[in-house]
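First, one chain by itself: the form predicted alone, in structure tokens.
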């Protein structure tokens, strides 16, 4: 099980890479959302905002009403943020779950693939 600090550190690295990626910036244009991450193995939640084409810092706890909820293990989140695993494979196998509108789920899946492939 990964710690809260490990998840936040991995996310911070992913956030920097994502916010510096012109392709991802275009993909999130006009897509302002509240995203909750739930680390199912530790019962901990996190909140991230997508606003003005940028990803916010990851905040421990749930804040605001989510548009998308991503559920997975703490280790999968760390591996996903570090770029060590393909998030689409984990999603297709059911190890990472996405909840939200069909449009939002499709968008976050596409964003995660671009982030993974462009690292």
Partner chain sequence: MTAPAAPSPPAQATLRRALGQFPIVTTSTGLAFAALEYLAAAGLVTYVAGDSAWIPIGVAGLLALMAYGFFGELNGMFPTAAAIRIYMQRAMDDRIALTITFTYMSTIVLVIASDAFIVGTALARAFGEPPWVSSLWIIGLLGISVTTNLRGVTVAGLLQDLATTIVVLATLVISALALLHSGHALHNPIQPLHGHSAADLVEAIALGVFLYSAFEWVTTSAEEVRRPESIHRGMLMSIGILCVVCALATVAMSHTLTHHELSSAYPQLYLGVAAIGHSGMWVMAGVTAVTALNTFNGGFITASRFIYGTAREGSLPRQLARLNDRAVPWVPVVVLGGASLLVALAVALSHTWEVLVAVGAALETMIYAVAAFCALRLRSRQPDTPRPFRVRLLPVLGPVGVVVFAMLAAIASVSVNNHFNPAPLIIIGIGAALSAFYVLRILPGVRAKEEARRAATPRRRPVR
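Numbering follows the first chain given and starts at 1. For clarity, a rigid core is taken as the largest C-alpha set superposing within 1.5 Å between two forms. Note that the structure is a prediction, hence the values are computed from the model and not measured.
Same protein, other form: the form predicted in complex with the partner chain, not shown, and the subject of what follows.
- None of the heavy atoms of residue 19 is located within 4.5 Å of the partner chain in the predicted complex.
- Using a 4.5 angstroms threshold between heavy atoms, residue 40 stays clear of the partner chain in the predicted complex.
- Among heavy atoms of residue 54, none comes within 4.5 Å of the partner chain in the predicted complex.
- Residue 72 falls outside the set of residues with a heavy atom inside 4.5 Å of the partner chain in the predicted complex.
- In the predicted complex, the partner chain lies within 4.5 angstroms of at least one heavy atom of each of the following residues of 1-23: 2, 6, 8, 9, 11, 12, 13, 17, 23, in sequence order.
- Annotation: Cα of residue 95 displaced by less than 2 Å between this form and the one not shown, core superposition.
- Superposition of the core reveals a Cα shift of less than 2 Å for residue 10 between this form and the one not shown.
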